[in-house]
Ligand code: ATP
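Here you get one chain, nothing else, as structure tokens; it is the form predicted on its own.
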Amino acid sequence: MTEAWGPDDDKPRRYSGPVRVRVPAKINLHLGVGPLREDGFHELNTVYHAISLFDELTARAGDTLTLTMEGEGTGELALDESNLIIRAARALAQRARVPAYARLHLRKSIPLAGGLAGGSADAAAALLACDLLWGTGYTKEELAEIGAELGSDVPFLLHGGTALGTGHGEAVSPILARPTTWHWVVAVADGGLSTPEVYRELDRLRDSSWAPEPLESPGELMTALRQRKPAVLGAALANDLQPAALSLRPALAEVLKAGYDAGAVAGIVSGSGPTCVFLANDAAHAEKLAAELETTGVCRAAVPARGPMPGARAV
């Protein structure tokens, strides 16, 4: 028997059998990117938002550490020591001083290199699943400390919801607002974009004075979240990486235009792209918007989603 967190608190409860963890994708409602720091990271000021596009990771006892997968990216995603799932499991085992033995299986729906933090989501799932499987008993905050060494988005994806991220994104503070469900359409692109490449392109654009001035603090965005009006939130969405993503993938401009033409409240490149996300008024509007976007052929798929969602959870 191991223990799993309840959906609404940090207190563990009993859980038996193989551990299956579901983890959401994230979008950035505000992504302000500061100058490049001496440590190689950019200072970030971002508002994370977890949405209902999920990966699932199952962990079973084993006599070695293995990873298999199905779904999005099968045959493209390396399953060796470079995979964030394997790296997360080994990092936890090293911290807890336990053998890194588990049979891990990933069911993937979050696109690869899509600006939705799929790799970081899987690392968060691995930390939780292996913690439960091995009975190491770490809190979410302790797992987030390990996760921060693996990727800036990992701590948020353990917590989920809507949160402010600072530092290089790893310092996460929940945003308190009245419960509101926001409805989105995720426009999935063919192929991915390398996050480091997008950051380098942003630096190049700024050196050439071709990019807008860096965004200020997300105060307007956080005020908009509290007003609970899609039009107000849509007007506050902002992403410093969008000009760089558009520079590397000019066709994204057609995706954004198609979303607005189909009636989206607002549209934005998600994180480093190339996924674009569109805000809808409600669930029915999101379904209609997704259907119209798919008929245009500008994206591989258009998927309705909602947020905020909880972070990694045993199911």
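All residue numbers refer to positions in the sequence shown, first residue = 1. Predicted model only: the values in this text are computed from it and were never measured.
Keep in mind that the form predicted in complex with the named molecule is not shown, yet the notes after this line are about it.
J.: Of the options Ala88, Ala117, Val185, Leu128, which one has a non-hydrogen atom that comes within 4.5 Å of the named molecule in the model of the complex?
T.: Exactly one listed residue reaches within 4.5 Å, namely Ala117.
J.: 80-88, 219-227, 159-167, 200-208: which one contacts the named molecule in the model of the complex at 4.5 Å, heavy atom to heavy atom?
T.: Result for this chain: 80-88.
J.: Taking heavy atoms and a 4.5 Å cut-off, does Thr195 contact the named molecule in the model of the complex?
T.: Because a heavy atom of Thr195 falls inside 4.5 Å of the named molecule in the model of the complex, the answer is yes.
J.: Is there any non-hydrogen atom of Lys108 lying within 4.5 Å of the named molecule in the model of the complex?
T.: Close contact exists here: in the model of the complex, Lys108 approaches the named molecule to within 4.5 Å, heavy atoms only.
J.: Although the named molecule is absent from this view, report whether Leu112 comes within 4.5 Å of it in the model of the complex, heavy atoms only.
T.: Output for Leu112 is yes: heavy atoms within 4.5 Å of the named molecule.
J.: Taking heavy atoms only, is Thr46 within 4.5 angstroms of the named molecule in the model of the complex?
T.: Contact with the named molecule, no.
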